[in-house]
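This document starts with one chain, in the form predicted alone, laid out as C-alpha cells.
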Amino acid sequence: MKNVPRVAVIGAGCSGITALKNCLEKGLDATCYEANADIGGNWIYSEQESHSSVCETTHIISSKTLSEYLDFPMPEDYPDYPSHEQVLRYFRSYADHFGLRTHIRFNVRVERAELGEDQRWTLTLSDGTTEVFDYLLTANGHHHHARHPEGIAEAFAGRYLHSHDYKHNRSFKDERVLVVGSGNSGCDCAVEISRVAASVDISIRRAHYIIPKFFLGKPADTFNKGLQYLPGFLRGPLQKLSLRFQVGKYAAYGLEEPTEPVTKTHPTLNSELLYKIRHGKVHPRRGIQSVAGNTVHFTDGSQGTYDTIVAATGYKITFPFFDRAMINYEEADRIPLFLRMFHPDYPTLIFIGLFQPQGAIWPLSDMQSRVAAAYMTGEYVLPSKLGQEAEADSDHIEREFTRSKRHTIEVHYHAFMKRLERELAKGRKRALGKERELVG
C-alpha cells in the first residue's frame, strides 16, 4: 500500500483552515500548528499589542457573497459587509463543520522549519518537540510584521504607533492626529479616530483611488463582477466612469486625481473617508518631507503639529521559521512563485494565501488548497519548466500593477480564480498523461 504523505500546515487563520480541510478531504495525514488558543488568526480581536488582530470596529471590505469559501456559504442573515465578530464565527463554524479542530495543535508555534536532503521537513516546535513531514504548507499570513516609514518614529517627539497596534479610538480623545497612508487600514484609522480626536490629518503620498463600498445599491465588488464579462478596453473606462458618478472629482476633496487605470493599484474601499473630508473631520495632506519635534513638514510646503502619528504603511512579508538564506522576502521587489504558491527550488514547500487580491483572500486560498492537495496526492502534475513559469508570474504582476512593494504579490480576484481553476484541470491532464507513460 502506498504511504500516505504527512503534511504540516502552519497557521489556523483563514488560509490555514481551508488548507487543512482540503488536505483531509484528500485523505492526507495533515496537522496544523497554531500559536494562538483558537482558530481565526488576525480575526481574533485582542487589545494586546503582541497579537496581530483586527481593530474593534473592523468590517470586511469585500462583500459576503464574494468572500465565502467555495463550498461553505456565509449565513443568509449576515449583512453585505460582516463585522469581524461575524467573520470569526463563520471561520469557527467552518472548522467545526469539517471536523478540523482535532487536527490542529493550538498554542504551539513553529520555531524552525528545516529542509532535509530527502526533501522532508523537520519542524522544531515551541513545546520542545520535533516532527518530520513530507510536505509543508505555510499559511502564516502577511499582515503581522509592520513596515515603518524611515526616520519618522525617531524624529517625532509625540506618540508614534503603527496601524498594526491600533485597536480602538479611545486613547486619541482630543488629540491632534496624523495618519500616514491611504490604504484600507489608514482610511479606517482616520475615520474612526476622527470621531473623538480634536483634529485628524491623513498624509497621502501619491494619488490613490478611494472607492465607496456601494454602487447603485449593490456592494462595489458585486457590481464590478458584472464588468468582468466585458473586454478590457471597455471594462477599464466603465469602472472609471462609474467612480466619477459616485465620487465626482477627487480634487473636490483636496485629493490628487489618479491618472492610471483603477485596476493598476490595490483599491481602498471606504464610504466614510470622503464624507469625513467634506465635513471637515479629516484633512488631506501630501507626503511627508521631514519631521522635527511635534511638527511635520509636507512636500507641498505646508506643515502641521501633532500629538500622535499613526503609520498605516503596510507590512513586510516574513517567515520567521525559515533560514533567511533560504527564504527571505522582506524587501523583495519580486516573489517568483508559480500560482503564487509553488517555489521552483523546493518541491515540498507550498505557500497558501501569499497574495494580495483585489477582493477576498479566503475563496482564492480555498482554490489554491485544492491545487495543493491534488498535487500532494499525485492527481495534479506541475508544468515541466516551473522556474520559467514562476518568473512569468512575477512578470505578469509587474505589467498589471504599479511598481511598488505594495503590489509585489497583487492579483486580480476573478482572473486569478479562473487561472487556478484552469491550471488544476491542465495539471490533472498532465498527471493522466504521466500515468499512461508509466503503463506504456
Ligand SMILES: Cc1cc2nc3c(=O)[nH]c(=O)nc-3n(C[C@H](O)[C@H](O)[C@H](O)COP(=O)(O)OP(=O)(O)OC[C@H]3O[C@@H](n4cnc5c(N)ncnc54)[C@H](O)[C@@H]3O)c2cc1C
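Note that the structure is predicted; figures quoted are calculated from it, not measured. One rule holds for the numbers: they count along the sequence shown, beginning at 1.
Although not depicted, the form predicted in complex with the named molecule is the subject of the following passage.
In the model of the complex, at least one heavy atom of residue 110 sits within 4.5 Å of the named molecule.
In the model of the complex, the named molecule lies farther than 4.5 Å from every heavy atom of residue 371.
In the model of the complex, residue 181 stays away from the named molecule, with no heavy atom inside 4.5 Å.
When the named molecule is considered in the model of the complex, residue 361 lines it closely, a heavy atom lying within 4.5 Å. Checking 60, 390, 376, 409 for any heavy atom within 4.5 Å of the named molecule in the model of the complex turns up a single hit: 60.
Looking at 353 to 361, 277 to 285, 302 to 310, 169 to 177, the stretch with residues near the named molecule in the model of the complex, meaning non-hydrogen atoms within 4.5 angstroms, turns out to be 353 to 361. Heavy atoms closer than or equal to 4.5 Å to the named molecule in the model of the complex belong, across 64 to 99, to no residue whatsoever.
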